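Take a look at the structure tokens below, where one protein chain is shown in two forms, each on its own, as structure 1 and structure 2.
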Structure 1
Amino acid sequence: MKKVFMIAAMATAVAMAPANAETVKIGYMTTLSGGAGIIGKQMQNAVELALEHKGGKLGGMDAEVIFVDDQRKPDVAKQLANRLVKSDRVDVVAGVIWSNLLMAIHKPVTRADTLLISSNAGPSPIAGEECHENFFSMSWQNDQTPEAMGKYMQDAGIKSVYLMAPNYQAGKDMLSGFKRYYTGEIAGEVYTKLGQSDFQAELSALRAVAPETTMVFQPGGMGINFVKQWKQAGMDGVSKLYQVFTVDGVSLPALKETALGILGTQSWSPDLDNDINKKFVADYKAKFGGYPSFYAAQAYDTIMAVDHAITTSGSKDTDKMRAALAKGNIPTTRGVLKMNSNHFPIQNFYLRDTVLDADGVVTSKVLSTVFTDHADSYAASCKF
């Protein structure tokens, strides 16, 4: 067994040849294997596309990205984060899809004086009391998207809503975010089992209540199940469906026309009208076939942020990059992003419809802007 250990150790030793002073190293952590592998793949594609667009250089320095697969397990993520920081000695750790994984790597990475940039996860402790100056989000705080949904439904004069989310932390966060801006009647609040595949019983119960509207949060495979069953049960005749993170670029290929006409909120959309986004979406479609998801857009933006930080500060030094990022003004697929005091972006949130594009492919389209420059609600409790 000693032999095995030595060989494995030597393999890493070779892999980590001494870094050129002019090379910026990014450790990009995402889920590549297992059920969520599709999300990770899209993010990896987007990161590679971003590097290609920048000619392999970020802020003029040679860039090297090390992709690692967290297997969606906190202990694996923690170990990989340590490897990136201690062994590969990266300048930035980025990526991370899941809130619980971000919680697991947050301390070891930020403590090692390495920047940690989230491409997706944004749990409330990290935005609030447990925040750290070395952490930046290139996505959103979990509550923000449902807040936008709540705001829209409130403004649209909707009298009553039936809420449904899986019984786990993100589900509870989503519904409480929604209720922060929606003050009308809650016709029902149902928490489903995490990973549930059949919602027929919940739909029957919903039919009995027959609420004016229904707002769901069912991410990933659960969303595919839910939307399919909603349509099959003829629920459109009973209640109007709104969603957050249920119909997205990852679930659309499995849903196709089934998802048409379902409204949702999001801070990004493939049709956002700015040059960076247009180029990103067009090239992504050309290179990988099919629309990118918001995960991909945020991954792309993460690399844009690193590029911006080095360009403006002229250095890959953690202190300098941090100062540059904290100032905001980051050019992304969502336009120029401002930064809040807790290092979460201040950005617009849009109401999106699910439509067919000119080629007959199902995609999402911006209908209106719900929030302009929306900040999250935890920044006040964040003290560096």
Structure 2
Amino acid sequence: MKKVFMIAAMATAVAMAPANAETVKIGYMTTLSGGAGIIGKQMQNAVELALEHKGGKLGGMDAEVIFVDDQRKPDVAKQLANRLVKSDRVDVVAGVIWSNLLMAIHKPVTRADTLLISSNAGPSPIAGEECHENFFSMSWQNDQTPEAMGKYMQDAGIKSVYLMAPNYQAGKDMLSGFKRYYTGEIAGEVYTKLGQSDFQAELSALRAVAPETTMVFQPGGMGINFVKQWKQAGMDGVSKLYQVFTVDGVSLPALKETALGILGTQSWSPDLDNDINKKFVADYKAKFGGYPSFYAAQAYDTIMAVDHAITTSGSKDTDKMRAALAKGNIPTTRGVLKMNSNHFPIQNFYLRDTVLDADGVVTSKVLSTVFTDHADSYAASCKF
């Protein structure tokens, strides 16, 4: 493994090819430093596991992945994207946790006739009017997961809910998606600072309202801090907590039993019963000592998508890979993935509970399927 430094951000190149062989190059952008580095590390682990499973080859071609650390800064992400496309001449730029960062690099990458594959972020503008044929999502459109939670809470007869999310594109999309399917009373709608660690003021305000339920989106370290402070403040006696992307494989090792019984919705779960997912989860646990998160699963699926595109088309040419991905039928940890006209997946969304497994380790399990083959709400506005 060789290490180089690019634009004040760490980049690690994992090379799997001799110099004279045809090589597919992927620039994989994620957050590897700061508090969000825990997410990026899981994604890097999963990418490396996928390459290991594929014997270092994607579509029969030797593979090279260059990992870059965006530091959760849009300006750094944009600089790195330009470097990957212009200097490293990668065939695919992939990864990206945060919607504001994906918005920053979307045009520079797609207009350079390079494929951009998101492993996580799914902002609504890119799904709709600002869509581009060179962009694909291997995760979900931001609104979809909270749409499932909104539908579940609506069907469960919940009369009112207090909403909370960080104040950035994904946070706004999440609450918009929730409200698309939940028609009860919104007792409050609060936007917190992205990266916030102290929620005491927000919890005090919530206590004064005393809503029937609370639904939050606080990903990564924000979720760890939020749930811990919720429990310490005795908020379970004030309101019942529901969540999206707050209690997951990243936060559970820190939250442990604190998170038991908190319901959420998601498109992936470690207990999904298909061969790819079983192997991924088992090998990830064996190699890295714990359950993978959905971030890891989606990163793994991104590499599976590149492999599928090259295998199906017989080429790493952008036009041919794009045509192959647009047809869908991509083998992933979620099963065979369908692709919508705007290049976002059409997939199931599940209600999940937080439980103890047979070894006493906290994980999640599927309780029911909220949506089957669920498409996002913006595809009709996408005109390639």
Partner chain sequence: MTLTLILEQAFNGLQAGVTLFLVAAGLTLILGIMDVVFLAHGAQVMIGAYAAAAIAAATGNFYIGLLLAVPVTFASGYLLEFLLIRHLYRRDHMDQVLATFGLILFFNELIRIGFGPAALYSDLPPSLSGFVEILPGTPYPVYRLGVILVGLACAIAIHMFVSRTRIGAMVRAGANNPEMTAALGINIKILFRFIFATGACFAGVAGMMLGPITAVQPGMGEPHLILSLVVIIIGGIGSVRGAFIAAIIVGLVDTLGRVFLPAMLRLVVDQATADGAGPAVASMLVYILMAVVLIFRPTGLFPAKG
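Bear in mind the structure is a predicted one, so any value in this text is a computation, not a measurement. One-based numbering along structure 1's sequence throughout. Rigid core here is just the name for the largest C-alpha set that superposes within 1.5 Å across the two forms.
Only structure 2 matches the form predicted alone. Checked against the rigid-part motion between structure 1 and structure 2, the candidate from His308, Gly264, Phe294, Val47 that sits at the hinge is Gly264. Of the two rigid parts that make up the chain, the smaller rotates 12° against the larger between structure 1 and structure 2. After superposing on the rigid core, the C-alpha of Lys193 is displaced by 4.1 Å between structure 1 and structure 2. With both forms fitted on their core, the C-alpha atom of Ala233 sits 2.9 Å from where it sits in the other form; this compares the forms between structure 1 and structure 2.
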